[in-house]
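Below sits a lone chain in structure tokens, taken as the form predicted on its own.
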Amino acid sequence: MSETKTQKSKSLWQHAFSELTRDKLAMLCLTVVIVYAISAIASALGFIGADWAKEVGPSYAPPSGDHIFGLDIFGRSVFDKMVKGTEVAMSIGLVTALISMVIGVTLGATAGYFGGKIDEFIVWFYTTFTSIPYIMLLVAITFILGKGLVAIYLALGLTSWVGLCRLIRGEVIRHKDREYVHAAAAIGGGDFRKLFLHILPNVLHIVIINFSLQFQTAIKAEVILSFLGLGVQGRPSWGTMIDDAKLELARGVWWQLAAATLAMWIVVLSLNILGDALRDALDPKLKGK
């Protein structure tokens, strides 16, 4: 009996952590994401991948024991470029997802909780926003802001919040009239307390799964921008590597495409699996099952 009470008294986060640690596949994917994050930080600090621009051999040398992913047209290590690209990809995914999350949650929660004219205005705003084709809006913002990482952060972050906003709005509307919210109001809880301390924690699983999806979507969107010449400048990224590889394939040089694609595939798959595991662990409806 006491064991049952202890189980029920666990907080949502304790329950999620317990569920997550029992999922071996999810822990493996978490480890992969952490390795990518550490690699990105180490690259940013210059510990690895710092010599990516250095010529280390002949042009288009194939993969070998010395250079696992071969060399590019300038004799530079494709592996070092892939590692340096990890820094770009992880920063784009993280910053873009954070910008999208802040805008989507703020507008969605505000619209769903307060309703009325505020809700009508926010719905009108994101409906108008989504009437513009995504790729045109993305390219237009990038042209206005110019090239570079900051422009990519803002362009992707400012164009990818609508889906989360809609989901959060619907969930807040569904939760705001529930008993636990009325109980919070009965003991003197204000709007801020009810919304941020009671309602939002119960829809957090939606934010988490959307964050993981947006993270990987941003990484893939960088490839599109690089293909259009609006991507990262002056440093390697997986997008620029894939863009360069389209001409190399005619020469039979496949290793730069393989390196960038493999690096992207591993982290995108890991984020997908980890996001699903976190959703299941944090979903209040699944707690205790």
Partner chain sequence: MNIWAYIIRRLLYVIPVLLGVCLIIFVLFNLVSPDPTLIMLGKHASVSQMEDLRRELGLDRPWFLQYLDVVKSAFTFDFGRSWSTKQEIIEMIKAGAIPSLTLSIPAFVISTFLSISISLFVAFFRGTILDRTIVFLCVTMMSISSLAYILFGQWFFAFKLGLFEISGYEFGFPYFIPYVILPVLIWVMLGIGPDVRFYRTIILDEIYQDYVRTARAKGLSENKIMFKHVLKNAMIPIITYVIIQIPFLILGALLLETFFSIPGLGGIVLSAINSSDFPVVKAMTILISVAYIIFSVLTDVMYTLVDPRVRLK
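Positions refer to the first chain, counted from 1. Everything numeric in this text was worked out from a predicted model, so none of it was measured.
Just so it is clear, the following notes concern the form predicted in complex with the partner chain, a form of the same protein that is not shown.
Chemist: With the partner absent here, would Met136, Ala140 and Phe227 each sit within 4.5 Å of the partner chain in the predicted bound form, counting heavy atoms only?
Modeler: All of them do, each having a heavy atom within 4.5 Å of the partner.
Chemist: Contact between Asp276 and the partner chain in the predicted bound form at 4.5 Å, heavy atoms?
Modeler: Asp276 belongs to the contact set for the partner chain.
Chemist: For Met264, is any heavy atom within 4.5 Å of the partner chain in the predicted bound form, or not?
Modeler: Judged by the heavy-atom cut-off of 4.5 Å, Met264 is in contact with the partner chain in the predicted bound form.
Chemist: In the predicted bound form, is there a heavy atom of the partner chain that lies within 4.5 Å of any heavy atom of Lys220, even though the partner is absent here?
Modeler: Contact check for Lys220: yes, within 4.5 Å of the partner chain in the predicted bound form.
Chemist: Taking the partner chain as it sits in the predicted bound form, is Lys54 in contact with it (heavy atom to heavy atom, 4.5 Å or less)?
Modeler: Heavy-atom contact with the partner chain at 4.5 Å: absent for Lys54.
Chemist: Among 60-68, 44-52, 241-249, 31-39, which stretch has residues with heavy atoms no more than 4.5 Å from the partner chain in the predicted bound form?
Modeler: Answer to the contact question: 241-249.
Chemist: By the heavy atom within 4.5 Å rule, which residue out of Phe114, Phe74, Trp124, Tyr180 makes contact with the partner chain in the predicted bound form?
Modeler: Selected residue: Trp124.
Chemist: Could you work out which of Leu98, Leu197, Val150, Ile132 is the residue within 4.5 angstroms of the partner chain in the predicted bound form, going by heavy atoms?
Modeler: Here the answer is residue option Ile132.
Chemist: Given a 4.5 Å distance limit between heavy atoms, list every residue of 145-177 close to the partner chain in the predicted bound form, or none if there are none.
Modeler: Read in sequence order, no residue approaches the partner chain (within 4.5 Å, in the predicted bound form).
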